[in-house]
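Given as structure tokens, the chain that follows is alone and in the form predicted alone.
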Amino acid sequence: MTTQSADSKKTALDAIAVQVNACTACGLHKNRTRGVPGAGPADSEILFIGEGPGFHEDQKGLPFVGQSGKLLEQLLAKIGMNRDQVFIANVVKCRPPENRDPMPDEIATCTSAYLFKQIEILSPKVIVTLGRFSMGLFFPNAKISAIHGKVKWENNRAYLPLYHPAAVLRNMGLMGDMEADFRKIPELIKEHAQRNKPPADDPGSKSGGATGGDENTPKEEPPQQLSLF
């Protein structure tokens, strides 16, 4: 990625952040202190998606800055990374009252207006969902206890569903699974690179003989298709 493209992405993400902080599209805006658009480098290869802002996030306007954020940073450290290398967002951008679950209409409004646009801009190689609400966007009707750590490849991107850090803090018995699932993240980046590795040069394609001519024949197909119209 060039610096120019990274700058362009940052500009687009900053514009979304401005929109989030002025948003009145659903009732969640009525009780917010600050909107929480998301944070991280525009050229990040990894996007984490949580549920919604909590008390500390609402106060600071940043995602995962409470106890869940501390655990997330510890887990990142275990795979040799830090939060400055990843983009972190949420399904909804304003804190639900009393930290209640986001409602279906709030999720639909916020994801269509902001999250899906952020995904399009970032074009991450890996999306890591944290908890059942972000999981549900990409794994409909699934149960987090059944599919955590099970990777899905779609549209040249890996989707990795994980427990929410808050769930791990409530039940430390989940920590072993969480750490094991987290260790898959750097492997997915490597696998993405392998999947997108250019094919090895075929020596035969460089020859000037009849074989080379045969291999070039498919290139004539698009003009032939035009004759059908």
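Fair warning: this is a prediction, and the values are worked out from it, not measured in the lab. Start at 1 and count along the sequence shown; that's the residue number.
What comes next is about the form predicted together with a small molecule, which is not displayed.
- The three marked residues, D43, E45 and F48, fail to reach the small molecule in the predicted bound form, with no heavy atom of any inside 4.5 Å.
- Per the 4.5 Å heavy atom criterion, the small molecule in the predicted bound form is contacted by stretch 48-56, the sole one of 176-184, 191-199, 23-31, 48-56.
- Put simply, N90 is close to the small molecule in the predicted bound form: some heavy atom of it is within 4.5 Å.
- Within this chain, Y163 is remote from the site of the small molecule in the predicted bound form, having no heavy atom within 4.5 Å.
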